[in-house]
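Only one chain is given next, in structure tokens, and it is the form predicted alone.
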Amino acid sequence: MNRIALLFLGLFAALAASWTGVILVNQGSVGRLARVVDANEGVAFPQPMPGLAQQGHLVYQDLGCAACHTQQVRRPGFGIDDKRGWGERHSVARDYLLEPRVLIGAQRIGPDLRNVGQRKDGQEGRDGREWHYRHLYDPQLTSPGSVMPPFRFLFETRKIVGEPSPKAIQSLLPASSQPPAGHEIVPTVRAERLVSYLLSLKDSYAYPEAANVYVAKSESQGGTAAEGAK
């Protein structure tokens, strides 16, 4: 009987130690994280997500985008995310500090989106917005061979009344996708919110906990630590 009690106590102690190490210690370290104030810029990082992007964050969840896309750039040596150009540095816990719900994702059927706003900035005009609209309307237009389905329900084909909408996208589409004469294709409010969210995804600030990776990468390339932190 005593042996059973000792065995039970031993198992309980092991589980308690594991739970403490995995849950409490990590929770405590993350809970102490705060925004970093850049003395040169006078700005605290990470910065709050713009209002429209916050609404797009909900659209991203609603559409289940996290089922096929991650939002976590891995360290050099733990994958080839850096070689794919998915981020200037690996993701750290501080990146997600202000997010109401962290959408790290389930699997990488599509590319990692943690820095997609930075990658598409300035691409095809309007700060990359047009690229995203084309991609959502028909992924084959921007990424031939993509397995991503088209999200055309995020767009509305409507009759032009008065002046054409400045948001219309039919000029970005091939002849086969043109609307009937006198009509235009415009993004819905959900599409605008989603694209605003995607464009907000930029983790370019070099936090202290990511500096060691820059140093190691810089030294391996024969550069200086300062060059690696750019």
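From 1 onward, residues are counted along the sequence shown. Computed from a prediction, not measured in an experiment: that's the story for all the values here.
The next section is about a form of this same protein that is not shown, the form predicted together with heme C (HEC).
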| query | Does at least one non-hydrogen atom of Cys65 fall within 4.5 angstroms of heme C (HEC) in the predicted complex? | reply | yes
| said: How about Ala191 - does it come within 4.5 Å of heme C (HEC) in the predicted complex, if we only consider non-hydrogen atoms? | reply: no
| query | Looking at the partner-bound form in the predicted complex, is His132 within 4.5 Å of heme C (HEC) by any heavy atom? | reply | yes
| Any chance Arg94 has a heavy atom within 4.5 Å of heme C (HEC) in the predicted complex? | no
| Are Phe45, Met49 and Val102 jointly within 4.5 Å of heme C (HEC) in the predicted complex, each by at least one heavy atom? | no
| Interface segment, criterion being heavy atoms within 4.5 Å of heme C (HEC) in the predicted complex, picked from 94-102, 156-164, 138-146, 74-82 | 138-146
